[in-house]
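One chain is shown next in structure tokens, namely the form predicted on its own.
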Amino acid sequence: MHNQFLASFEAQVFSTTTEQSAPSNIALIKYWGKFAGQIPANPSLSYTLSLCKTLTQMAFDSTQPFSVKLYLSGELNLGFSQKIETYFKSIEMYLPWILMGSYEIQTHNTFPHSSGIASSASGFGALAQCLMDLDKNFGSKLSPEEALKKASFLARLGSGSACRSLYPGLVEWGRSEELEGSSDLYATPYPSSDVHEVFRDFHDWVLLIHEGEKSVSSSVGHSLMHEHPYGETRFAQAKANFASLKSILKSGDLQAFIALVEHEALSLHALMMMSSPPYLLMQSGTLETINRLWAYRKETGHPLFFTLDAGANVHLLFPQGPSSEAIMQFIESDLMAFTQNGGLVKDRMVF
């Protein structure tokens, strides 16, 4: 079969360019710990952002031998080029034509690199969609829905959380009894009919507490979960929290939502501190922001809360509503002092 494909390919000499984009996402139920093949140890649920995106242009030339050149914001990046070359080789079984030409990839983010916004998620999301667009040239007969699911599958193999960036709104990844059709292999859109209107229009303002590289990468952090003393407890906790969140999303219980999301964020960082060896990604500005936020919420009753990714930066979450303007003013007047260089990224999730 593979030889027949090669013979068919030889008759399809062409060059083409495709452009795609994908947003980043922020997990509410955290994915932390995985098995071989990017299989998650527990289900996760995320909000897909609106403005923080990766824009990718891919030029493919079948007349040239296999190679990858990746330009990040106009600069050739040899490290990323090698990473994508390795990734392409790893997915040849799913795209048998992928090593039969050269690639020049131009990519840039609409948000700062190393900002606590998952550029690997948006990056591999955009890349996977480019590949599925090229796949049409080789006779793919997948429907748009099937192609999107395959793009989610391929994105997962590059970066686990990337599979969630292919869909808007709330997105689930990981086999769960709580969501029909869920899978470890690709992400599943959370049914909007099961989401109360209060959760359909949310702000996510990211305070850039630390803009450099993390002291411990997410890949290393995931690997430390294999022998973690609280690993199995955490995986069970995440499944239970997912079940709780399902009813919260349906009922519109904003206070319960706040409590669960913050608990998930702090659980993630507690796992890091209890790893062997232990490590700490939060910084003093992270803790100062959280304490000031809690005090503000207690004083005003305004629904401002936080989540954290695997880093020091703080995602400030609040629903669009009567208190939105007051919350925005508080962030800009009281919390900007805790940032490294006055960095603030404003995004919003609407669906």
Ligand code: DP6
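Just so it is clear, the structure is predicted and the values come from calculations on it, not from any experiment. So that there is no doubt, residue numbering starts at 1 and follows the sequence shown.
There is another form of the same protein, the form predicted together with this ligand; it is not shown, and what comes next is about it.
Q: Are any of the heavy atoms in F306 no more than 4.5 Å from a heavy atom of this ligand in the predicted bound form?
A: F306 lies outside the contact set for this ligand.
Q: Does at least one non-hydrogen atom of K30 fall within 4.5 angstroms of this ligand in the predicted bound form?
A: Judged by the heavy-atom cut-off of 4.5 Å, K30 is in contact with this ligand in the predicted bound form.
Q: May I ask you to state whether G174 is within 4.5 Å of this ligand in the predicted bound form, using heavy atom distances?
A: No, no contact at 4.5 Å.
Q: Could you tell me if A310 has a non-hydrogen atom within 4.5 Å of this ligand in the predicted bound form?
A: A310 belongs to the contact set for this ligand.
Q: Counting non-hydrogen atoms within 4.5 angstroms of this ligand in the predicted bound form, say which of N109, S218, S275, N241 makes the cut.
A: Partner contact (heavy atom, 4.5 Å) among the options: S218.
Q: Out of H210, H222, K149, H203, which one falls within 4.5 Å of this ligand in the predicted bound form, going by heavy atoms?
A: Residue within 4.5 Å of the partner: H222.
Q: So which stretch, 135-143, 251-259, 158-166, 190-198, is the one near this ligand in the predicted bound form (non-hydrogen atoms, 4.5 Å)?
A: In short, 158-166.
Q: For the stretch 254-275, which residues lie within 4.5 Å of this ligand in the predicted bound form by non-hydrogen atom distance?
A: If the 4.5 Å heavy-atom criterion is applied to this ligand in the predicted bound form, 254-275 yields only L268.
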